[in-house]
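Given as C-alpha cells, the chain that follows is alone and in the form predicted on its own.
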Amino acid sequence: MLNPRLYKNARVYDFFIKSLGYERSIDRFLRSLDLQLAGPIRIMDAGCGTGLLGLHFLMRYPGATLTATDLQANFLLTTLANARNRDIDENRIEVGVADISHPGRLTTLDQQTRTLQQGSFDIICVGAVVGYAESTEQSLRELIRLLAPGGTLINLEMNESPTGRFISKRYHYSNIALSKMQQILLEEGCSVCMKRLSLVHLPAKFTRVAIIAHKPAAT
C-alpha cells in the first residue's frame, strides 16, 4: 500500500502508480468510454497529479490541448516529463498551480496568474481530488461552469466500499456521499451516470468509481 508521504515526491509516486499497475488499469477504463467528441478538443485535468487522466485524452485526441493544474508544482513538472516520455508536444499543454477549491484560478510556473474562462473545456477530468476542497459542492459547481456546452466531466472518485473508505481515511480524504455528488451535478443541469469499474480494471476497481456528467449542448 502506498505511503501518504509519497504524495510529497511526485516522481516516486509516479513510479509506484505505474509499477503497481494502477495507471494501466485506469487507462483501460478510460478507453472504454465513448465520448463522441469532434473538432479541437479542449481538456482540463484538475488536480492532475502526474497527468494520468489528462495525458490519456491528449493522446486519444491528437488535435487536443490540455490545461493541467495541481496544488504542487513538482507534480506539474512530472506531468510534463510524462508527456515527453509519450512523445507528446509540450506546446499542447499548459500547466498551472491551482487549488481544487477554486479550480478556475491558476498560477503558471513563471508566476503569472489568470482566471480560466467559463465554458472553456470539452473534457474536464478529476481523480479523487474534490474531497480536498474547502467545499466539495462548490468545487463541483465551479468545474461544471468551466465545462463547455456538450462537454463531459469525468470524476474518477473514491468509491464507498470498505477498501475505498479505508484508503480515503488513510489519505485524509473527506468527501460527500456519492449520491449527493450526483444530485449536485443534476442541479447544474447535467445528465449523470455512475460507472463501476470491473475486474479487468484491477487494481483501480478496489477504490474507484466513475461519476460522469454531461452538460447539455447549446440550443
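All values derive from a computational prediction rather than experimental measurement. When you see a residue number, it is the position in the sequence shown, counting from 1.
Just so it is clear, the following notes concern the form predicted in complex with a small molecule, a form of the same protein that is not shown.
- Listed stretches are 87 to 95, 145 to 153, 69 to 77, 107 to 115; the contact stretch with the small molecule in the predicted complex is 69 to 77, by a heavy atom cutoff of 4.5 Å.
- Using a 4.5 angstroms heavy atom cutoff to the small molecule in the predicted complex, none of L140, I184 and A210 count as contacting.
- Contact annotation: C48 falls within 4.5 Å of the small molecule in the predicted complex, judged by heavy atom distances.
- Contact check for L52: a heavy atom falls within 4.5 Å of the small molecule in the predicted complex.
- Among residues of the shown chain, F206 is not one whose heavy atoms approach the small molecule to within 4.5 Å in the predicted complex.
- Using a 4.5 Å cutoff between non-hydrogen atoms, F16 does not count as a contact of the small molecule in the predicted complex.
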